[in-house]
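A single chain, nothing else alongside it, follows as structure tokens in the form predicted alone.
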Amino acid sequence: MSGARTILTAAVLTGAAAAGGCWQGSPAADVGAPSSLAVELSEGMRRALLRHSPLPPPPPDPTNRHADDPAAAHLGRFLFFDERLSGNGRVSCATCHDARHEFTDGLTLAEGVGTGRRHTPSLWNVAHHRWLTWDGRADSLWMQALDPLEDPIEMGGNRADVARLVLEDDELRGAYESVFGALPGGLEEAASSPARPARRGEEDPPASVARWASLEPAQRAALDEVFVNLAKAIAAYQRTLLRGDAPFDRFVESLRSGDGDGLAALSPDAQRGMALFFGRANCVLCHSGPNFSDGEFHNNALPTLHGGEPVDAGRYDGAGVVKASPFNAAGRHSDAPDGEAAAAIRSLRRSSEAWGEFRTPSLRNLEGRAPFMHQGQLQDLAAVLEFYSDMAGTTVRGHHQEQFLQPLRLHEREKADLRAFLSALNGAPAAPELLEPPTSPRFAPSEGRLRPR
């Protein structure tokens, strides 16, 4: 390598570290080590680092033919901030996914029309997730966008009122039809009063549920078409919420190119934290890949917010929801009902082993996202590292937890180094236009597609 060389070691990899293809590392020796390289890097660790950067473009979504349509993304950005989609006219997607709080809300539990039972996850780089929400109850961004609109606790709306909004707002209707074509016939009568299907576990359904049951199949289909298309527009906007080019990425690019100047992007303490992350701490076992998430579900036996035994079934319930939904990748609303995502749904099995499991969050762009975990039960990064250091307060129910987790017994210096490394995963600022609604739902071609800076 030119500019600065990677110091190779003959260290034997431990079994845990070998799973990540790396070694913990140690302070760089004085024998010719460049001052900007604070730890020794084995060849295995170097290969692992190269696999974790850069963050690539999000994978395509064939289930949404408008996923990368700039006009759809513009309409979706407008809808994302539009409080008229809610039942009380005061809640939007942005209420919980607040751009000022890194597309979360800074609260322990989400607050929409009511108080939710889980913490609001951030939307940065959300298009890289294979399953959506903490329990994976959606297999596409557009499917995920549908549920909050009608959830009585989140936005409390219904698909008939949403369709009527499109019908009656000339600008919104024009923007919709420019992307999706003419509104379906018979929509006026179908949308004349509130209507939505009954929700799973709903004990006292509102009048809108009875109204839905009274509609003709063609009327329901018309409402569903508009409902789904609006969600596909919101999904197109969410696919633009990308932040990469973190200090870690610049460090890795320097390793890749042999240009030693970029090694200084990571401070010595961040480099020590990186070596610990990929080595003894083995965080990479779950937080793997360029988005620092394996996309899978785990039960880490976290203490509950209420202090008692866990009651949230997590992935066990989520798998049942996504499997049964007419809006999944294999359903009639998918634009690729025979594609890979559809095959994954058809092969999905609901297992008791998944009880209490939750999706691994990405570790990119953690700044401003506290509190953490699915109930927001850990207030900051210091609390997260303390939990994994001593595993105090774990809630164990039989065999439903991760067997590989052991207390890391971190020293205070190691905790500080890990925090420094995690800070180095914060990406470059996003384009300001991503963070606020457009003045009109109509797309001007001169605007182009929004991209992170």
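All values reported here derive from a predicted model rather than from experimental measurement. One-based numbering along the sequence shown.
Below: the form predicted together with a small molecule, not depicted.
Student: So which of A342, C283, L167, A71 gets a non-hydrogen atom within 4.5 Å of the small molecule in the predicted bound form?
Tutor: So the residue touching the small molecule in the predicted bound form, by this definition, is C283.
Student: If the cut-off is 4.5 angstroms on heavy atoms, which of these, A424, L49, A416, L405, is the one near the small molecule in the predicted bound form?
Tutor: For this set of options, the contacting one is L405.
Student: Any idea which of 325 to 333, 258 to 266, 170 to 178, 230 to 238 reaches within 4.5 Å of the small molecule in the predicted bound form, heavy atoms considered?
Tutor: Contact-bearing stretch, as computed: 230 to 238.
Student: Does the trio C93, R359 and L363 actually contact the small molecule in the predicted bound form, every residue with a heavy atom within 4.5 Å?
Tutor: Yes: C93, R359 and L363 each sit within 4.5 Å of the small molecule in the predicted bound form.
Student: Tell me, yes or no, whether D249 is in contact with the small molecule in the predicted bound form, where a contact means a heavy atom of each within 4.5 Å.
Tutor: It does not: once the small molecule is placed as it appears in the predicted bound form, D249 has no heavy atom within 4.5 Å of it.
Student: Can you tell me if G112 lies within 4.5 angstroms of the small molecule in the predicted bound form, counting non-hydrogen atoms only?
Tutor: Heavy-atom contact with the small molecule at 4.5 Å: present for G112.
Student: Can you tell me if L123 lies within 4.5 angstroms of the small molecule in the predicted bound form, counting non-hydrogen atoms only?
Tutor: L123: yes, in contact with the small molecule in the predicted bound form.
Student: Using a 4.5 angstroms cut-off on non-hydrogen atoms, would R369 count as touching the small molecule in the predicted bound form?
Tutor: Taking the distances in the predicted bound form, the answer for R369 is yes, it comes within 4.5 Å of the small molecule.
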